[in-house]
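As a starting point, one isolated chain is supplied in structure tokens, in the form predicted alone.
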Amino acid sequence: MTSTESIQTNANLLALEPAAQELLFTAARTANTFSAEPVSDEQLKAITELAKWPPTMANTNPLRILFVRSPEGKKRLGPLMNEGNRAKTLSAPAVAILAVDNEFHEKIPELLPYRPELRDAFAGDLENRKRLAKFNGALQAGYFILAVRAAGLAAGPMLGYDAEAIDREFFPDSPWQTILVVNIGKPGVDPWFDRLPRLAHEDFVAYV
């Protein structure tokens, strides 16, 4: 069975409509060029409001987001991106710097009101907070990318940047720490690389 046939067969077994499956998963691609069509504040708010609902450990929600859209912001961010990512970052209508808050525990009484004492358990353990923030932030970054796609926009997630420099430039004297940069917008001219293969089911799934 080809990958296309497998996708079509599995689509009939899922509650999500096939068109939505394509929008979020099977037809979605990482964009490498973007059109000049702007991304509005309302769209960005809708994306973040959708992305905040899936689960994190103890509902800690450590992800923090800085949207960079102004020419001034792009001028500051551009030199901090790797050369291969710089042009597309500068051309994207919106760029999200995804960071984690290493002091996420301060929000625990608000986010986990039936166990507010968990805040104190994390207060003196920065290394554990960093570890959990990075793990849960990565989960939330995945949710964020799907939310961008749900808004009918293309996402271009990137790890090619100077994270420490971004933190110094945008989050000085802050517990926020960059984990991913995501370009956002409508695809531009020739935006896609060739679709790469995925593993066969038996190569990454086991049953006991």
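As the structure is a computational prediction, the values presented were derived from the model and not from experiment. Note that residue numbering begins at 1 and tracks the sequence as displayed.
From this point on, the text means the form predicted in complex with a small molecule, which you will not see here.
- Only one of the listed residues (43, 30, 177, 33) places a non-hydrogen atom within 4.5 angstroms of the small molecule in the predicted bound form, and that residue is 30.
- Between the options 189, 15, 199, 196, the residue in contact with the small molecule in the predicted bound form by a heavy atom within 4.5 angstroms is 196.
- Partner contacts here mean any heavy atom within 4.5 Å of the small molecule in the predicted bound form, and among 33 to 41, 65 to 73, 156 to 164, 46 to 54 they occur only in 156 to 164.
- The small molecule is not drawn, but in the predicted bound form it has no heavy atom within 4.5 Å of residue 102.
- Although the partner is absent from this view, residue 91 stays clear of the small molecule in the predicted bound form, with no non-hydrogen atom inside 4.5 angstroms.
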